[in-house]
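This document starts with two versions of one protein chain, written out as structure tokens and named structure 1 and structure 2.
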Structure 1
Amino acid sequence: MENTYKLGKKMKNKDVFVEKLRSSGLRPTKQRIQISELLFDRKNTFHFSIDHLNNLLKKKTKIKVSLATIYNTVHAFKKKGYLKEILINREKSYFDTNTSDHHHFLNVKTNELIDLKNEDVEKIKIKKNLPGKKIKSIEVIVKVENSN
């Protein structure tokens, strides 16, 4: 009975992944379903770079997935609102499965991005206005390193 439950749950999840892909304008290939599983079949928020995701796919799947497929799938999910991009600098960006406005710690030695809850940050006051612009969100990245 337990195997039937797991199989049923896996089939339900696959339907969710297929729908996410289709609603993002992508054909649900085996490779893209594998990417979707890795991104969304988890309990906790997942922070990743394209390279990190590529390495995880190589380790966890038997299907070969091109870097272009990974890049295009991730950016289609971002455009649809399933992922959020966090720009660290011109050369480095991360993606986050938690698309709500929230803050992060960035470990500068390990490049690990960790959620920082809004209640752990006091209200931030911005004193400057830009003509013709309004603030959409405020998200803080706190860079940390080991204190040795």
Structure 2
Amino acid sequence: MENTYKLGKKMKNKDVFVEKLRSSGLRPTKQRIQISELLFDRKNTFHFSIDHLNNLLKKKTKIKVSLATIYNTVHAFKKKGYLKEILINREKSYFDTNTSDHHHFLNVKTNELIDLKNEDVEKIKIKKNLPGKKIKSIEVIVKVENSN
């Protein structure tokens, strides 16, 4: 029953994103729709840098999107909670289309990130607490390298 539209016709993907943008208070411009399709119209979530997204746009789409708009859009999506930023590297920002709480493997050679499923990490227990502070998130990064 999800993804219905008007007279029960299935919505086109584009319309889903138009809806999502509008309901977020973001005008559904062709740039934002195009970026939404690249980021969210997939079976699996993934991790990307601005540079990576820029290349995707150049390869997979006809419209030209300026770098400034890519930055603007990614930050808008992050602010709305559709993306998370991940800190693995000082040189570049990385983003994650998986916005749930989860942990990561990080290949230190390639900077490739791989999601850890929650069942793959035993619950983290912090036995200390800081007075006047509350825990906002707990993030684990497991750095890995080739084992030969």
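C-alpha atoms forming the largest set that superposes within 1.5 Å between two forms make up the rigid core. Nothing here was measured: the structure is a model prediction, and the numbers come from that model. Sequence positions of structure 1, starting at 1, serve as the residue numbers.
As summarised for this chain, the first structure is the form predicted alone, and the second is not. Relative to the superposed rigid core, Leu26 undergoes a CA displacement of at least 2 Å between structures 1 and 2.
Once the rigid core is matched between structures 1 and 2, the CA atom of Lys128 is found 4.7 Å away.
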